[in-house]
Ligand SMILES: C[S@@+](CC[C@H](N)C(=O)[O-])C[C@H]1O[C@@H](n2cnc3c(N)ncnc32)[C@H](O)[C@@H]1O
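This document opens with one chain alone, in structure tokens, the form predicted alone.
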Amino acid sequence: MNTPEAFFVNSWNVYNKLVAHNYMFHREIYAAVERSLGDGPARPFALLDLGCGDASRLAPILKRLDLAAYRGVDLAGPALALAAENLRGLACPVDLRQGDMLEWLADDGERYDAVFSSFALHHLTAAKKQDFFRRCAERLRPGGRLLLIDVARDEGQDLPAYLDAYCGTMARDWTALEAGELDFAIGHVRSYDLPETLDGLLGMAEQAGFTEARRLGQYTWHHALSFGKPA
């Protein structure tokens, strides 16, 4: 079944290729995230990673920061097994949990200094995205931040036009993928991607109570954003 979890489990080779060839600008985006995290509080901070996957891009960054605790949540058990290996040696408690990130946010009683999520939010409906922002604000301590990596439609671009444009770019530029891998990736995008516009995301964050929104980087439709909770 072509679900987001199956995309990870059944197409690990595709995932590696996407990252290795930087088709979704992981290098630039995670460099921006590291700069933002490095500018955070001087004291050790607790981080919640929603849709953490294998944590392969975030783990090297965290090992260079003063982290008090890390919790990662993901639907895919195999991803969490890889995350455990990638996070080995992190100088703080590491807690990995399998589950839906919205359900986890609803049930989690902990508070965090930072919440991080990468390329997961666009799979949710608009109503669930709004719930995501609201629950992240509830889980953050005063002065905490939500760091979000995700795709966003251009302003005035409807979903069908976005999907045609994005999948057209995939078909033209993602040349390292074999034909079957590319078909699978395009099928995933067309079946499960529901991105908002950037202004739509900013509006949702403001409605949830975030008062400071910063654009850390933008690369075509790929964005790195920071939202601050009032101190």
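Since the structure is predicted, the reported quantities are computational estimates derived from the model, not experimental observations. The numbering used is simple: start at 1 and walk along the sequence shown.
Quick note: we don't show the form predicted in complex with this ligand, though the next part is all about it.
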Practice task
May I ask you to choose, among Leu82, Leu105, Val151, Leu75, the residue with a heavy atom within 4.5 Å of this ligand in the predicted bound form?
Solution key: Leu75
Handout entry: Triplet Arg35, Arg64 and Gly144 all within 4.5 Å of this ligand in the predicted bound form via a heavy atom
Key = no
Exercise for the section: Counting only non-hydrogen atoms, choose the one of 44-52, 172-180, 159-167, 201-209 that falls within 4.5 Å of this ligand in the predicted bound form. Expected result: 44-52
Exercise for the section: Evaluate Asp100 for contact with this ligand in the predicted bound form, applying a 4.5 angstroms cut-off between non-hydrogen atoms, and reply yes or no. Expected result: yes
Exercise for the section: Decide whether Arg71 counts as a contact residue for this ligand in the predicted bound form under a heavy atom distance cut-off of 4.5 Å. Expected result: no
Problem - Close approach of Tyr219 to this ligand in the predicted bound form, 4.5 Å, heavy atom - result: no
Practice task
Spell out, yes or no, whether the shortest heavy atom distance between His123 and this ligand in the predicted bound form is within 4.5 Å.
Solution key: yes
Handout entry: Residues in 17-31 close to this ligand in the predicted bound form, defined by a heavy atom within 4.5 Å, in order
Key = His26, Tyr30
